[in-house]
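So this first bit is one chain, no partners, the form predicted on its own, shown in structure tokens.
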């Protein structure tokens, strides 16, 4: 299996196995963005007042076709965390309402839910999901067991960040909807990792990043809101769209499409990113996603064998990220997102291997997480394994 690293300007001295954190944008897409930026700066008034909206609509239609979403249900946001904030801030929470959040939720989004729930006098019910997790049905059972007549919303990750579990989103959305509970799907890892069909999924709200597995520049993400919920959702930044009038555009788009002057070019090259990824493998993007997942499944087995650790979940819960538990759980945990575990620091300093290591004190777990992106190939993971053989045993 060969990689496509030649299309990326990644540091040749680094084995880059952390696409999952911030993504990495290929050269051709960055060049397309620079062309848009040059056009924007050559005549800003022309760009923003005469060209921007049509270009944004084209990007929205392109993304919608890929993820199975009607353009009228799609808004652009800077990142999935902004999308979660917009939904929860707009949600009609009342005192005594309950929001369900599995304990694997991304911390930034969990923080947003906590903040707005506290303001409203609502309760956040944290659902313990085991890791290792032997069956996705366990997730469904745990979530549904927590539903009461006061439950109004559930925040569900499509793929969890530290534990890299692909959650049974379709089953959860359907079962929660039957119980009158809206689902907010955090698909920060979704588009470009696994096929999406948001109209068929039917979740009330789904937000996702394009800068990760769709390989767009940073600052490109989407919020999909089901038609019957669109009027209630407003952006986290209220701006001119609140009072603007244009019979050609919905209030939803008027508000989200213009929250203030910004650089929208990361969004405008979404069609370029899609077109580029379509060329890398037979079968287009679907073929690329299958290739990346196959690589991830193979390499997680090799890594688990080296670390003498059982695989923590079935293949059905794996996309293009995989986390493997480490034996030593007593290493000092990082206390904030930009701090690194000592093993991560050692791998970078001694071997120039870029890979995240997470501590999870609540479950007495540390784990190392691999990514499998288009620019990766088996030699990257071989270098990781060779470096781990030389790592101090107390870090493993």
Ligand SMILES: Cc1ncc(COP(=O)(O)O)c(C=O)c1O
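From a predicted model like this one, the values you see are computed outputs, not experimental measurements. Numbering follows the first chain given and starts at 1.
Below, we refer to the form predicted in complex with the named molecule, which is not included among the displayed structures.
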**Asked** Taking heavy atoms only, is residue 189 within 4.5 angstroms of the named molecule in the predicted complex?
**Response** yes
**Asked** Using 4.5 Å between non-hydrogen atoms, is residue 113 touching the named molecule in the predicted complex?
**Response** no
**Asked** Could you tell me if residue 161 has a non-hydrogen atom within 4.5 Å of the named molecule in the predicted complex?
**Response** yes
**Item:** Proximity of residue 151 to the named molecule in the predicted complex, heavy atoms at 4.5 Å
**Value:** no
**Request:** Please pick, from 276, 252, 106, 258, the one residue with any non-hydrogen atom lying within 4.5 angstroms of the named molecule in the predicted complex.
**Result:** 106
**Complete:** Assert contact residue (the named molecule, in the predicted complex, non-hydrogen atom within 4.5 Å, options 169, 143, 80, 267) equals 80
**Request:** Could you tell me which of 171 to 179, 279 to 287, 152 to 160, 117 to 125 sits within 4.5 Å of the named molecule in the predicted complex, going by non-hydrogen atoms?
**Result:** 152 to 160
**Asked** Even though the chain is shown alone, can you say which residues of 202 to 232 have a heavy atom within 4.5 Å of the named molecule in the predicted complex?
**Response** 209, 211, 212
